[in-house]
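The data below hold one chain only, encoded as C-alpha cells and taken in the form predicted on its own.
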Amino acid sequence: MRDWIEAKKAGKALSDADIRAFVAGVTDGSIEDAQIAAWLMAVCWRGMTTEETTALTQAMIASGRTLAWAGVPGLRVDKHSTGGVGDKISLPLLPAVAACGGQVPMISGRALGHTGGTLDKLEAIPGFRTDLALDALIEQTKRLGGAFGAATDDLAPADRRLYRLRDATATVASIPLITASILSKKAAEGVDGLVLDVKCGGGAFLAGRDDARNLALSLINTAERLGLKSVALLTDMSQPLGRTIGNALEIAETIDVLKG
C-alpha cells in the first residue's frame, strides 16, 4: 500500500493488477482507513488516467454482485445526478418513468459535502428502508417498476467504504473518484441505458462549467469502455431546484409534484 501511495503522489499510473489488489483490500478491510485516505488525497491532487479510472470502476463492480435480469421483459434505465442544493429530481422521476412502462432499479447515494443525498431524503419518511437486499430490490423493480436502494455488502461494497472516506477527507471533487463511484453502482444494476445529470454552478460541488464538462466526458468515456450506453447533460445548479431545501421538506414537495 505504501508503494501505491508513493506512486500516486509522484503522478505515476498504477497497473490493473495493483488497482484490483487495492480494491480487494478496501473491501475485505485489510487496508487501514488512514492509508486509503492518503491514497485518495494523492489521487485528488494527481488524478488518474482513463485506463486507471476504468480499472478502478471494474474492480469496484467486481467487489460485489451485479443485478441479473435474464428472462425479465422490459427496458431497464437509470439516471444519476452529481447533486446540488435542493436537487430532488430522482424522487419524482423514478415513479414517472415506471408509470410510462420503464423499469428503474436505482442505487442511490448519500450527501457529499454540502449537496443532499437521495437516500437521506427518503429516510426522512418514518419507516422507509433503503437497505434492501439485492433480491428484494429486483423483486420490487419487477413488481412496481422501480426501487430505491443503497450500495450494500453485496453490491459495490468497495464504493460504500470509499464514499465515506472521500467525504471525511474532502476528496469528493476528484473526477476519477467521482466517475468510479457513480459507474460502479450504475453498471452493477445491469441497466440498458443511463442518463447522467452533471451539474455546475454555486450549488454543485463542481461549480465550474469546465470541471463539470470534464466530469461528463470522463463518465461517458468510462461508461463506453464498460459497454454501458449512456448520455450526459450539463445542467445549471446556480440556484436551488424547486422551492424547498432539506430532506423532509423536499420529500413533501416531491409528493405534491406527484399529486399534480
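Start at 1 with the first residue shown and count on from there. Superpose the two forms; the largest set of C-alphas matching within 1.5 Å is the rigid core. All figures in this text were calculated on a predicted structure; none of them were measured in a lab.
Missing here is the form predicted in complex with a small molecule; even so, the following discussion is about that form.
Only one segment in the set 124 to 132, 140 to 148, 88 to 96, 176 to 184 has any non-hydrogen atom within 4.5 angstroms of the small molecule in the predicted complex, and it is 176 to 184. Within 4.5 Å of any heavy atom of the small molecule in the predicted complex lies no heavy atom of Trp69. Among heavy atoms of Val172, some come within 4.5 Å of the small molecule in the predicted complex. Core-superposed comparison between this form and the one not shown: CA of Lys79 displaced by less than 2 Å.
Superposed on the core, the two forms differ at Val172: its CA moves 2 Å or more between this form and the one not shown. Met106 is not among the residues whose C-alpha shifts by 2 Å or more between this form and the one not shown once the rigid core is aligned; its shift stays under 2 Å.
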